[in-house]
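Okay, so here's just one chain, in structure tokens, the form predicted on its own.
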């Protein structure tokens, strides 16, 4: 019996290790392919200049318009999602703590919203845009992406808050705190690291999604100045340039993919460092 359990444990350990390292190898392979294929086109001009005349035929210029458009949309949508998502997650774990059926129903709906393909959000955003009389613009892109990533923030932060010991809730209320004080002064503080993770996931999904902004944000070679102007994004820039028959333009698509990867990695590392520093200061 003992030998059987040891064999079972060894097999499981090998399979788990193989799955883990396979993910690392796949991620490294994707990053290497993107950077190698886009290396020749990955210049400073790509980052600091907008497309010039004949850019999509191998002319001069860069993707600054798409970089700024992606950042505008991702940051704007993330801020809206935080404003809606953080109180929603706290409400689930504070005011609905004793209503399990309602909690589970809301969580099921959020899981369903999380699983809806982004192209469906894009179609809904397009319909909403027509109903409100909006043009394809930065505002329409922000609102659509906000709808896409709000369930991610709510559900991820909710999972973190649900792990906080129930005894902490009872102790906080026993000391005379209101539920609102418990939510923002205790639970938010305890789950802040998880909240940063939720925001990071939402931002990464928002800045890297193409389908949700395909019909709503439009596309332009200019950097938007007002929220009612169309905005280019890096995913759409990659999509359009990869379809070109010109090799130089396809190289620029991979270079744009490398820039998008660098932005996401930078945001990820910054958020994790901030979260770690907050955790240390919270302990001290």
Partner chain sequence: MLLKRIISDKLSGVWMLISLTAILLIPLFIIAGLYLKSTPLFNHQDFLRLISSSEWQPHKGNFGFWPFIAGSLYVTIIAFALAAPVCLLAAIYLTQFARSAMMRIMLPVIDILAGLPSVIYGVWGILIVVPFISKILAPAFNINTSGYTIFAGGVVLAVMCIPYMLNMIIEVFNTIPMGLKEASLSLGATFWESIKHVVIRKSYPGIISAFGLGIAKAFGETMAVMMVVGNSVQVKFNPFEAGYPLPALIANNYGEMLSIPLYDSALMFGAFLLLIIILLINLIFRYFIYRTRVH
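Numbering follows the first chain given and starts at 1. Heads up, when I say rigid core I mean the largest set of C-alphas that superpose within 1.5 Å between the two forms. Note that the structure is predicted; figures quoted are calculated from it, not measured.
Below, we refer to the form predicted in complex with the partner chain, which is not included among the displayed structures.
In summary, the region of this chain contacting the partner chain in the model of the complex, judged by heavy atoms within 4.5 Å and restricted to 40-48, 222-230, 235-243, 66-74, corresponds to 235-243. Residue-level contacts in the model of the complex: of 160, 211, 200, 134, one residue has a heavy atom within 4.5 Å of the partner chain, and it is 211.
Proximity of residue 62 to the partner chain in the model of the complex: non-hydrogen atoms within 4.5 Å are absent; the residue sits far from the partner.
Contact annotation for residue 196: none of its heavy atoms lies within 4.5 Å of the partner chain in the model of the complex. Contact between residue 21 and the partner chain in the model of the complex is found at the 4.5 Å heavy atom cutoff. At a distance threshold of 4.5 angstroms between non-hydrogen atoms, residue 274 is out of contact with the partner chain in the model of the complex. Looking at 139-157, the residues that come within 4.5 Å of the partner chain in the model of the complex, counting any heavy atom, are 147, 150, 154, 155. Comparing the forms between this form and the one not shown, the C-alpha position of residue 47 differs by less than 2 angstroms, with the core used for superposition.
Core-superposed comparison between this form and the one not shown: the CA of residue 251 exceeds or equals a 2 Å shift. In a rigid-core overlay of the protein, residue 26 has its C-alpha displaced by at least 2 Å between this form and the one not shown.
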